[in-house]
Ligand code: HEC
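This document starts with one chain, in the form predicted alone, laid out as structure tokens.
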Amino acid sequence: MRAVRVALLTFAALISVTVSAAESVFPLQEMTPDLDDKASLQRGARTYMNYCLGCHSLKYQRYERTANDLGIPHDLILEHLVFDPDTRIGGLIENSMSEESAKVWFGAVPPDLTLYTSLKGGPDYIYTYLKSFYSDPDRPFGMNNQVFENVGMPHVLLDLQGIQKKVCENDSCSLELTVGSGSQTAEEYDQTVYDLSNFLYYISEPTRQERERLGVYVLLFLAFFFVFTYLLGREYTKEFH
């Protein structure tokens, strides 16, 4: 499974620039992920399991790995974040939606999101996308998105954020939130979206922190080894003079 993830990450890195450029040129809002913030990752996991998993699987990630990395006891993740009683802690994070049903409801199969953040080039895309839905009566679910115009996905966090309206003046458009239409304040919703984006950033490469820590040791070893290699090379070159 790890080899499959590495191969997919490599493929995603190769095509991410092309895909992102083809889909949208909308300016993205910057968010800085923090994989050391376990509370944020836990909240993001909760939001994902409650609002996203019904359509979007994470089929290259297991519940057990997620629980261990996020510091969630196995019994708690099974009780509060797993809704299928037949699911085991070692199982992959999948949903029960069939491809046929997905095509009928949405016109296409919702993508698996395990590697989606890496495919899009980073968490900024997810963060901006989830904040950019606006009311559009012409769309099947009554919502559209500035980042991905005419997207087939409904705004699953609508009850939290509320309804935004697109207002255009002098060739410039902005989104205005209808006050009181969501259960969260603007600041609370920003935090919810941040946590969810942070979680998906972690999911895209769970070994990221381990890889970065190992990289430091590798660089230190190379620097240390270089000193002896240089001294040895200098001794060899003395014979040429």
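Values in this document were obtained by computation on a predicted structure and should not be read as measured data. One rule holds for the numbers: they count along the sequence shown, beginning at 1.
Keep in mind the form predicted together with the named molecule is missing from the figure; the text below concerns it.
**Q** State yes only if every one of V109, Y116 and L200 has a non-hydrogen atom within 4.5 Å of the named molecule in the predicted complex; otherwise state no.
**A** All three within 4.5 Å in the predicted complex.
**Q** Can you check 86-94, 119-127, 67-75, 166-174 and let me know which stretch has heavy atoms within 4.5 Å of the named molecule in the predicted complex?
**A** The contacting stretch here is 119-127.
**Q** Answer yes if any heavy atom of Y134 is within 4.5 Å of a heavy atom of the named molecule in the predicted complex; otherwise answer no.
**A** Taking the distances in the predicted complex, the answer for Y134 is no, it never comes within 4.5 Å of the named molecule.
**Q** Given that the partner is absent here, does C55 sit within 4.5 Å of the named molecule in the predicted complex, heavy atoms only?
**A** Result yes; C55 sits at the interface with the named molecule in the predicted complex.
**Q** Heavy atoms within 4.5 Å of the named molecule in the predicted complex: does P154 have any?
**A** Residue-level check for P154: yes, a contact with the named molecule.
**Q** Considering only heavy atoms, tell me if F26 and the named molecule come within 4.5 Å of each other in the predicted complex.
**A** Although the named molecule is absent here, F26 would stay clear of it in the predicted complex, with no heavy atoms inside 4.5 Å.
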